[in-house]
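Here you get one chain, nothing else, as structure tokens; it is the form predicted on its own.
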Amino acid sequence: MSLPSWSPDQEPIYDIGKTYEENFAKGPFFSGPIPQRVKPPREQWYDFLGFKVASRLGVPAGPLLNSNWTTFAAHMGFDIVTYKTIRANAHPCHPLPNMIYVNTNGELNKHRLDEILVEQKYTPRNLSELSVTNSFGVPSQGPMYVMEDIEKAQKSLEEGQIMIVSGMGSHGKGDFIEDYARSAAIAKDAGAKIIEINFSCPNVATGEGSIYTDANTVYMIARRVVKEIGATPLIIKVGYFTQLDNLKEVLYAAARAGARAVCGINTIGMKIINTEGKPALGENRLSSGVCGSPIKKGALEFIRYARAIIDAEKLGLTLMGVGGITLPEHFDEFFNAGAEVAMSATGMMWDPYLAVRYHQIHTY
């Protein structure tokens, strides 16, 4: 089928003017045709952590809020979908605004992390300029809903597709490491075939997001989760590293703990103000995660460094890349850099045909 071209007037499938609860209940907001998928021959399918997938394109933890969203992404040609990060107990979302456009003045890197970015009120002219910040606080439904919905999401997948369930622990819930294990246990009991633990979210107020830089903590949590989930493959989700030695220590710790894969990067946390010079997301959220095209260079840097370390140290970790993929050709940039899986969150939200456009370029 001929796909509609993207237009600046096109609204994202997550309505940034609505609350998280409205998007959760009524989204994704999409009225276009669902494309007919032509998959490659089975002998060309890829092995991903022991499961055969029709392509290495995926959606990371974040935009797929429930089974309606994972089903939609799968129908749109993403064969590795990630169920949004769950907690062991219900957790509320931050109040509006949760997502706004920002002006980054180009690509972001480790030398710009102390800069203050300014909210912008207009949508980008093209997807290569798409730049937003999001701040949700990792909301989660309670265990009963989560378990039923994960099972429902699993059943909606086609052959050649797989779902990852992302989980994390919460400060203030007793033993932090055990809370990670509890969220992973919920995912496994719900039937998750692959589990990810999120060490990287910068949108929380209690410090969970800094875990990925501490190799010892990464090891302790990952080791405990592996003990909990047994043979179920474990992925660790990491953020942006500014020090190569730190990345090496964390990758080694993850492999030693029994993790099977690493996924990075998450958003890049920075301070955001509005045009009046006040915190754009409110006084209690001075910083939030920037995503979209400005973080692609940093994400590719992570992939190249991580690939070199994994290979040199023979760590055996599957490398999954995410960050700034907003155009079809960006997937190949990640594959060429060394990623075995390439995932899009923001790009998928603004152009849900993103994976299909890639598949049409790479005819089988």
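Note that residue numbering follows the sequence shown and begins at 1. Bear in mind the structure is a predicted one, so any value in this text is a computation, not a measurement.
There is another form of this protein, the form predicted together with a small molecule, and it is not shown here; the text below is about that form.
**Student:** Which one, 153 to 161, 132 to 140, 102 to 110, 271 to 279, holds residues whose non-hydrogen atoms are within 4.5 Å of the small molecule in the model of the complex?
**Tutor:** Result of the contact check: 132 to 140.
**Student:** Counting only non-hydrogen atoms and a 4.5 Å threshold, tell me whether N66, V146 and S183 all contact the small molecule in the model of the complex.
**Tutor:** Judged in the model of the complex, none of N66, V146 and S183 sits within 4.5 Å of the small molecule.
**Student:** Given that the partner is absent here, does A355 sit within 4.5 Å of the small molecule in the model of the complex, heavy atoms only?
**Tutor:** Heavy-atom contact with the small molecule at 4.5 Å: absent for A355.
**Student:** Although the small molecule is absent from this view, report whether V322 comes within 4.5 Å of it in the model of the complex, heavy atoms only.
**Tutor:** So V322 counts as contacting the small molecule.
**Student:** Is it the case that A345, even though its partner is missing from this view, gets within 4.5 Å of the small molecule in the model of the complex, heavy atoms only?
**Tutor:** Yes - in the model of the complex, heavy atoms of A345 and the small molecule come within 4.5 Å of each other.
**Student:** I'd like to know whether I265 contacts the small molecule in the model of the complex, with contact meaning heavy atoms within 4.5 angstroms.
**Tutor:** Looking in the model of the complex, residue contacts with the small molecule include I265, since a heavy atom lies within 4.5 Å.
**Student:** Answer with one of V218, A187, C291, A73: the residue that has a non-hydrogen atom within 4.5 Å of the small molecule in the model of the complex.
**Tutor:** The residue from V218, A187, C291, A73 that makes the contact is C291.
**Student:** Looking at A339, L57, A61, A306, which is the one with a non-hydrogen atom within 4.5 Å of the small molecule in the model of the complex?
**Tutor:** It is A61 that has a heavy atom within 4.5 Å of the partner.
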